[in-house]
Structure formats: structure tokens, C-alpha cells
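A single chain, nothing else alongside it, follows as C-alpha cells in the form predicted alone.
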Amino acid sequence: MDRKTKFLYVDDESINTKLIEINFSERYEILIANSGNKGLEVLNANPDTSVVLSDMKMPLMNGLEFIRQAKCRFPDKRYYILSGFDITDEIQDALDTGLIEKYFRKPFNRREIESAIDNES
């Protein structure tokens, strides 16, 4: 059997991390971090992670700030942002410059996320 794709989800709200685990753990190996700094630690400890999805709005470091730092250290991973808000100029810029592959809106559509991950792996 193929090894599951390692998928890191970063979000400061535990209800959201639970939802990701419930919806995606059958298909992917889910790693969770509750802050951008923790996300960087998880990536250091799990260099074979291939997909990173981060919530946008978090204290201390927002999702794009986290992804900016992560991508400098780990440029080979695919990065996505999840937000409960409409697309902002900052998110649009991240898409235009290739910082992130895609933006997903909360509440997330499981099939949309799976399709993005599976079509690009």
C-alpha cells in the first residue's frame, strides 16, 4: 500500500484542527500545529511532509507570515491558506506570486481540498 501523504494543518482553534483530522485522516497522515512557530517545529521534525494548509487569522503570526517563513526553509512543499473571510489583497498577492497554491474558504469543502492535493501530488 502507498504511504499516505503527510499533511500539516496549522490553526490556533482546536475545533478546526479536529474537523481537519476527522475529514482527512483516512486519506492523509495529518500533523497538527496550533501556531506558526509550532508549525515550523513540526516541519523541522517531519521533513517528508508534502502539504501545508494554514488558517489565515492566528495570533502572533498569521497564516501567510508562517507560510513565508516555512517556504524559505522548505521550498519543496505545497502551501495552501484557509480563511473564514473573503479573499484579501494580501492573499491575492500570495496567489499571484506563487507563495501559496490555492486559497480555501471556511467552512471548507473537503472535495475541493482533496482535489487540489491529489491533482498536484
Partner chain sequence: MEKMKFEHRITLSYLIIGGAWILFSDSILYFLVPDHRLQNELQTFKGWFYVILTGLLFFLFLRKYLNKLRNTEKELNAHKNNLQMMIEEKTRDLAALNEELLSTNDELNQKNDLINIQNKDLRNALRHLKKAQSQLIQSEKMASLGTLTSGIAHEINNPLNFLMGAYNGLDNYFRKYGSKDIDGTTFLLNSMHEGIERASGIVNELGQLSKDNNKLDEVCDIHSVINNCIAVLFDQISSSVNLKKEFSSDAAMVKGNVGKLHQVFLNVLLNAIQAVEEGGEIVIETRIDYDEVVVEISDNGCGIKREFLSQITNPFFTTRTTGDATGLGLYITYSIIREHKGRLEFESTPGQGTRVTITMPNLDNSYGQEN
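Numbering follows the first chain given and starts at 1. Computed from a predicted structure; not experimentally measured.
Not pictured, yet referred to below: the form predicted in complex with its partner chain.
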| query | finding |
| --- | --- |
| Site check Ile22, Phe85 and Pro107: each within 4.5 Å of its partner chain in the predicted bound form by heavy atom | yes |
| Distance check, Arg73 to its partner chain in the predicted bound form, heavy atom within 4.5 Å | no |
| Glu112, heavy atom within 4.5 angstroms of its partner chain in the predicted bound form | no |
| Neighbours of its partner chain in the predicted bound form among 43-72 [non-hydrogen atom within 4.5 angstroms] | Lys57 |
